[in-house]
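First comes one chain, alone, set out as structure tokens in the form predicted alone.
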Amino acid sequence: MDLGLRDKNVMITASSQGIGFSTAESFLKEGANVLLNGRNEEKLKHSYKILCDKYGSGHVACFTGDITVADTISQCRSYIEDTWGRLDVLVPNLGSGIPICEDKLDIKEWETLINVNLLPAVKVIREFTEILSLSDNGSIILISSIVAYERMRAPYAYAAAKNAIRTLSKYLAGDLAERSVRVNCVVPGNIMFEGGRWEELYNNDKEGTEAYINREVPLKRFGRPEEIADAIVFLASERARFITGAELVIDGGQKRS
């Protein structure tokens, strides 16, 4: 199936590993141009080289910087304008559910997790809406989590921030439709990848983690980053031009509400 993404310009934040990296590769398989982003220059350049070797340097760009910082976001926008002239797809992927203390009402933890899981998406979208509207099928794909739906093993602040991402997606979809920019939200379940939170939990308690997955997930396994990536690519594609304001849950059947 041709998804109509050849030569489309895509930016994915936090794309040196995990879901972000897999999403970059899925877009590249469709012939899109992809801008990788990350704070760790060494890790980002390693990922950049892998994708350049597979798909050619003409389709892969790289911008090192902390996308939570306003000046960095502005510099990234200038880089895209100078390199491509427009942006067709934006995937604000930055997020972390790692707690910093045992007190789930600790204000510092709330500030930290909201600053990581919600505000970067708001800042990036605000900066890039204008150049997204130059596309004839602009698309923003936000990343939430199933912890936004019901009580699970997660910090309160993380769950609240991911719920706010769902709300942000719905409101933006209504407002940006008149600018031909579609906004949708992907809601992953438990995704295992190297360097991710679930790998850490699994390494610390293999037996308990496996028991949790077998008990709570009907498909009885972790999701893979590429399974999230392929959904993101579809929602950004020509085949999804009439889809906006939607949420796609990808959790192996775990969500019950």
Ligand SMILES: NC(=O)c1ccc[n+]([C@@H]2O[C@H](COP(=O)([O-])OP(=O)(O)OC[C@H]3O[C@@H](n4cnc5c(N)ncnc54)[C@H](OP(=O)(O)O)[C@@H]3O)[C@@H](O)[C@H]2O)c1
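Residue positions are given as counts along the sequence shown, with the first one as 1. As the structure is a computational prediction, the values presented were derived from the model and not from experiment.
What comes next is about the form predicted together with the ligand, which is not displayed.
**Student:** Are all three of Leu5, Asn33 and Glu226 close to the ligand in the predicted bound form, meaning a heavy atom of each within 4.5 Å?
**Tutor:** Result no, not one residue of the spot touches the ligand.
**Student:** Quick check for you: of 210-218, 50-58, 25-33, 192-200, which stretch puts a non-hydrogen atom within 4.5 Å of the ligand in the predicted bound form?
**Tutor:** Answer to the contact question: 192-200.
**Student:** Is there any non-hydrogen atom of Ser135 lying within 4.5 Å of the ligand in the predicted bound form?
**Tutor:** Heavy-atom contact with the ligand at 4.5 Å: absent for Ser135.
**Student:** If you check in the predicted bound form, is Ile143 within 4.5 Å of the ligand, heavy atoms only?
**Tutor:** It does: once the ligand is placed as it appears in the predicted bound form, Ile143 has a heavy atom within 4.5 Å of it.
**Student:** Give a yes or no for Lys162: in the predicted bound form, does one of its heavy atoms lie within 4.5 Å of a heavy atom belonging to the ligand?
**Tutor:** Although the ligand is absent here, Lys162 would touch it in the predicted bound form, with heavy atoms inside 4.5 Å.
**Student:** So in the predicted bound form, is the ligand close enough to Ser96 to count as touching (4.5 Å, heavy atoms)?
**Tutor:** Ser96: yes, in contact with the ligand in the predicted bound form.
**Student:** Give, in sequence order, every residue of 51-85 that has a heavy atom within 4.5 Å of the ligand in the predicted bound form, or say none if there are no such residues.
**Tutor:** In sequence order, Gly65, Asp66, Ile67, Thr68 come within 4.5 Å of the partner.
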